[in-house]
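Here you get one chain, nothing else, as structure tokens; it is the form predicted on its own.
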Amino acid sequence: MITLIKVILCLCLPLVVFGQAATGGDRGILTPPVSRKPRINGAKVYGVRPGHPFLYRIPATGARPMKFSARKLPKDLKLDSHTGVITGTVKKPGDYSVTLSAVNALGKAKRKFRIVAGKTLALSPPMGWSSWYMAYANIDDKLIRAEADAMISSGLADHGYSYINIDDGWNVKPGATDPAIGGEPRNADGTLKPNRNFPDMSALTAYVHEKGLKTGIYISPGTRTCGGYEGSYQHEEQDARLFAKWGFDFLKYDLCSYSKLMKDPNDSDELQKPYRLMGTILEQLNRDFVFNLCEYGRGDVWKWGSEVGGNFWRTTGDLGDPQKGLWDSVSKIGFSEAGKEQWAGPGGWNDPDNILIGHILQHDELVPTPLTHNEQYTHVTLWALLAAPMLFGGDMTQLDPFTLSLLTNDEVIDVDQDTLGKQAKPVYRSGDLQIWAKDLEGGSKAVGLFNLGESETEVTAQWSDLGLQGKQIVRDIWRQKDVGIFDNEFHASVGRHGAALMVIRASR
């Protein structure tokens, strides 16, 4: 038997303690304050289809005002030097190597950035926000605009978050007695209608785009969405072209009532059919759509999601199922991603659902997440290792310092957005302890140490089991500092339901 972890209940002061319990205020924050010097963040690669609208906001932290520039930018793209927003089109297919720069009164930052004009989108896991877990179907134009404003004012956009995704509840709900959402769902020619809470979809997307952000829309291939709103059944192309006309950049396609139209709801061929149809339609549109397949892991979607045009796919049921405890869902769903890593990579990602921290709905009330600080560290650590889409499900207008520290640690984000595009896999699992490792660009490894047990425990990772040799530099990326040079093994104390996230690189 391979021995990767030595477990000892801590009876003395540990070398390093991770995931200590905390209860509110600023306690428990490990992420250092953001420097006032410029730093360019987020993904290092961006996919776009030739001739389609290009929109990218350079994510950069540091004191404002800041001036942006880009060397070797494709000629049909333009950069606003004050906002860092790049617009235009890339007319010719190709792999363009660009150098981005950001300058303020305290210094200058540079970063290599690849623009790949081809057939593949989502070359790194999408980052953004979704409305469902903080509002359910109780959404309107004002709420979406407020969340877009908050993505900018909170600084989330400066760390790479870019999608503002509208979930269920934006269009007409047939049979509803509330005039704001009820009525005829389509015009006489079949054109889909938004409900009265969304008076002008084109104006809404334009508002979001002016900030350098992107917008997402939601519907079902069935006759109704999960919330009972109008679906796209037999209007697929008409609806997709309308979404493009309105200016959306992302589509979540939720199975919902379509399962009632299937002879066998778990048959892989039947499950693929509506997604293959919509994927083909989206590829023919005059703008890019990141395509999110939401069918809850049925039919091993991870094995065929890319084939039908998907860019990421839900691998399980809802993380925020109100009938289940959130910690039980996070631990069960997150760690169940083991074995799916071979089907994840640039252009197509496994999705264990949104990041449910901050203020989220619990029993129809918007309240702080029930997860402890330890459990939140485990949640975000595991999602980063999994190269999962970083879609925040909480209210961005109510971000406390602790939640921000979890969402804006750029070294943790770099693990998620790593250009190599590898999903971590478990290298050891025994009882309440797990270690997951992920290969990174440049030869280093991201290693997560997890303690699902009820007491603080020392965990030791041995080089032989991680495929390492010789002296290695171990960096605690939650604290963003090297903790030392180690030979053969590294050990740390991990708290109850807690996690540690390290990057290990060779000592030269």
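These numbers were taken from a predicted model, which means no experiment stands behind them. Residue numbers here begin at 1 and follow the sequence given.
A second form of this protein, the form predicted together with a small molecule, is not displayed here; the remarks below concern that form.
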In the predicted bound form, does each residue in the set E341, W436 and K445 place a non-hydrogen atom within 4.5 angstroms of the small molecule?
no
Answer yes if any heavy atom of Y428 is within 4.5 Å of a heavy atom of the small molecule in the predicted bound form; otherwise answer no.
-> no
Can any non-hydrogen atom of Y377 be found within 4.5 angstroms of the small molecule in the predicted bound form? no
- Message: Taking any heavy atom pair closer than or equal to 4.5 Å as contact, tell me whether K252 reaches the small molecule in the predicted bound form.
- Response: yes
* Asked: Is D158 one of the residues lying within 4.5 Å of the small molecule in the predicted bound form, judged by heavy atom distances?
  -> no
Assert contact_stretch over 219 to 227, 78 to 86, 281 to 289, 391 to 399 against the small molecule in the predicted bound form, heavy atom within 4.5 Å, equals 219 to 227
Residue within 4.5 Å of the small molecule in the predicted bound form by heavy atom, from W327, F335, Y296, F198, is Y296
Note: exactly one of E270, D318, D410, E236 sits with a heavy atom within 4.5 Å of the small molecule in the predicted bound form, namely D318
